[in-house]
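One chain follows as structure tokens, the form predicted on its own.
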């Protein structure tokens, strides 16, 4: 219990520092820094691309339509947000301001690099066994450069900050699909979450064997 409290306290301290970050231009247009939330010692950590409008307003990751879809797919695997830690590659909303209105855009490589130290600290504190990358930007940062989602999603990779990492389609991408394409894409997310859950169980089982 003390270790859990220590991890939570460390994350809270870093989150407080992140609220004043000005390492890139996203600090000029953000409403709130969306640091991350969840179990501070989760065996499974989920990393998306970045906050959208709802996240920017609330300060919480994955609370819009994409977040609702993610929650549904987690629930189909018996997982709630209490079981995982959720973060993003960038902590501030990447957007374009046009006529006084904000429109989402993909973060630049420079913005991702500027924000990466925050994510690396989260990974170091949570110490997940498995990381689930949602979308190519997350996978390209945490698995390998120029990650090919079509060919490589659903596969496990050994990484330095966890035992394994796996990539899945981002819920926002799935929501942009229609009809059968939506159903098939959603199915892959459920399957990839299941694979990540089973990998956690496998790693824990292997760890117990080494004790004897």
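Positions refer to the first chain, counted from 1. Keep in mind that this is a model prediction, so the values were computed, not measured.
The form predicted in complex with ligand URA exists for this protein as well; it is not shown, and the discussion that follows is about that form.
Judged by heavy atoms within 4.5 Å of ligand URA in the model of the complex, the contact stretch among the candidates 49 to 57, 25 to 33, 180 to 188, 153 to 161 is 49 to 57. Contact check for residue 88: a heavy atom falls within 4.5 Å of ligand URA in the model of the complex. Applying a 4.5 Å heavy atom cutoff to ligand URA in the model of the complex picks out 170 as the lone residue from 151 to 180.
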